[in-house]
Every structure is written in structure tokens, then in C-alpha cells.
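The chain below stands alone, shown as C-alpha cells; this is the form predicted on its own.
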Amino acid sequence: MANFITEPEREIPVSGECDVLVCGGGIAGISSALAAARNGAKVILIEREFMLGGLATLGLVTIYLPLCDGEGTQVSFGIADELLRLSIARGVIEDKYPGPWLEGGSREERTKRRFEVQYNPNIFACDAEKLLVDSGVEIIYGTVAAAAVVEDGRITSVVVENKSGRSAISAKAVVDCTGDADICQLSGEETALFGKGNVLAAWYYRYSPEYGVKLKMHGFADVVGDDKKSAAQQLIPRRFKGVDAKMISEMEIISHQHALADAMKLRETDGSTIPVIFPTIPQLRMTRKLVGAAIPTDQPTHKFEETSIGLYSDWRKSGPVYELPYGSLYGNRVKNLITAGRNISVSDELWDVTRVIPVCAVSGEAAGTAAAMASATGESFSELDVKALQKRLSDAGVKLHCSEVGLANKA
């Protein structure tokens, strides 16, 4: 039996045309689409699931990590700040209420409480959806990117598959917010895999009359090291790369069974406890990323970046602050492709810092703004006027350099 087949040649209808095509509807995709629309672009966002938010909603990773440096200074602004406030606009988890940040607390009070929240994933997803629709973004759910048509170093269209069949969406600029650099891979842009792989996660929500609905973070999903402490907190002694369909399916089956077993164990001591929702997408953090024009590292912190498009902190510890260089968002091969979110170009050491919600929003706003500009001028992303991009971001409330928030820069 042959191990391949030959598809018959066929004409593929064009089902949509836009200035900016955003692929992926997680936090990066939401931010990119919103920024592009606000900058006058006609935007289509495609999402393989039927709800926005990605890991932040469907993946039940419902902690909006800090917008601050842990030492009393907010560093991430713009859409990153807007979405945090949107996530808790209809109520906040009481023990995660960042009072000093929302009620004008002192620097001393803010130092003791990082500017992060926990939120309801369903409410956040629906409110983000309305925000995009009201901004003129066309959302197409249940849609997967299957191929990229590249001519003269530019993506002219992305071939998609959904309930309507196989079709193409033509675009002047494309933003890869898939989290796995799928569009980069399909278009021939240079990418790299996370060599260590992801540990198993089985986070889920449970309910009990006494405590209500609570997130159970079963499995230490953020481990990236190989030390004994990290290994002891892993559910199983195995890692997953996250770019192979069979392996992801196997991982999900294991995750489901671990979550169910944990929930049933809790019922042994509290018969009223029941699991209410398991994640509906894989809880993968780092899989595949762009190898771009810039590859920043985690050292030194507070480093001045001339082309910075936003600030972000280290969610794991207090102190470090980074300026994100524009070159982290685009590659060296495909002229009209830009990235945002978990798949931007960074070193492996920095990847665990940049994959989280605030940085996805910061990179997303910059990528969407740049995409709107490039679609209007026809410039490649490497040719784009960075100063003009920075001005648009600044006008939208984004802080670009440490000095703008009262922190000292390093050369």
C-alpha cells in the first residue's frame, strides 16, 4: 500500500478579502485584530474553535498575569491594560482582587500585591468577542489554516478549511497568532521548536457548595527546567513537543484521565465536590516559534531597545522588565507576515516569560498596528517606519521604554 496519495488539482474559491488577516483568536489574536481595526484596516480573524481566548479561556489558564514589575510600577499598558480590566468588568475573584492598582493605592501597597487577576473565562471570551465585532472585525469560527500561497516573498492568500469547505482568504498583511507559528511554517518562514517540550497539565474547574466554583491547577504546567524540584512536580515523567497530531491527542487523553482521577479523589473526602469543566484545547505553552530579525534574551533586564514596541515584566519574579524589539515580530523570508503571542522570536530562556497573557497583548497590539500600516502602504514589515509605528503605539497609551515609567534603562 502506498504511503501517500495525489490530490487532484482543483480551483479554490476566494471566500474573503481583507487588509489584515489575523490567524488565531487567543489573546494575541484579539489584540492584533482590535489594533488593526482601530487603525483603519479591514480585518478578518479566523479561529479554529468556536470561542475566543485560546489558552486564556478554553484552556482554563484563567490568570491574567502581572502588568507590573513586582516592585510597584506598572509597565504594560494599552490593550494589555484594557483587556485585563475587561476580564473583570463583570466581577473579580475575591482573593485575586488587585485593590491597590484599581483604587489608587500607594507604591508600598502595590509592591505587596502584583497587578494580576483571575477571571471567569466564559464571560471574558464573550465580552472580547463583542469588543471585536463592535470594532468591525469579521470573525470566522471553526476555521483552520491549511496552506499559504506565497508569491515573490509575500503571502497573497491563506487557504482555509471549515464547514463551508476549502477556500482562500486573500490579504495584504497576515498576522500569525496561532501560538504554534503555523502560518510561519506553512509559508516557509524560519521557525524553531522548543527543545525541552511541555510537561503534562490537567487544570480544571470543580464545584462544591462550600467553596463554589474553583480552578484546580492540577500539574505544574509551567516547569521548563530539569532540576529535581521541577521533576517532582510533574504529573508524569514525559514531555510533549505539541506539533504532532497523534502525540497531542495522546497527551489530551492522559490529561483528561488525570483530571478526572483527581476530581474523584477529592470526592472521597468531600462527596459534594464535582468537576464542572475540563479544558477543551491542549494546555501547551511553548511549541514552535518564529526565528526572526531579532532574538532577544533574558539578560540584561531594563535594556534600552531603540525599536521597542512595548514593555513587559517577568511574571515569575519581581524586578526584571524588558523592552520588546520590533524585530521579534517579523522574520527574514516572508515580507508581509508578522507574528504575535506565544510564537514571537525570542531565546528559549525568555520564551517562558513572553508566552503569557500580558506579553501576548503587548505584541498583539504592536503587530496589529504594524499590519494596518503595512497593508495601507504596501511596505514589507522590515521596511516599515518604526518611528511612525512607535508614535501610533504611544498615542494609544503604550509605554515603550523603561524611562517612560520611571525606571532606569541600561545601555
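Just so we're clear, the structure is a prediction, and the values are computed from it rather than from any experiment. One-based numbering along the sequence shown.
Form predicted in complex with a small molecule: not shown, discussed below.
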{"property": "In the predicted complex, the one of A35, A371, A28, V43 near the small molecule [non-hydrogen atom within 4.5 angstroms]", "result": "A28"}
{"property": "Contact of W203 with the small molecule in the predicted complex (heavy atom, 4.5 Å)", "result": "yes"}
{"property": "Touches the small molecule in the predicted complex: Q283 (any heavy atom, 4.5 Å)", "result": "yes"}
{"property": "4.5 Å heavy atom contact, D69 to the small molecule in the predicted complex", "result": "no"}
{"property": "4.5 Å heavy atom contact, L266 and the small molecule in the predicted complex", "result": "no"}
{"property": "Interface stretch in the predicted complex with the small molecule - options 322 to 330, 336 to 344, 166 to 174, 292 to 300, non-hydrogen atom within 4.5 Å", "result": "336 to 344"}
{"property": "Check all three, I155, T307 and S375, heavy atom within 4.5 Å of the small molecule in the predicted complex", "result": "no"}
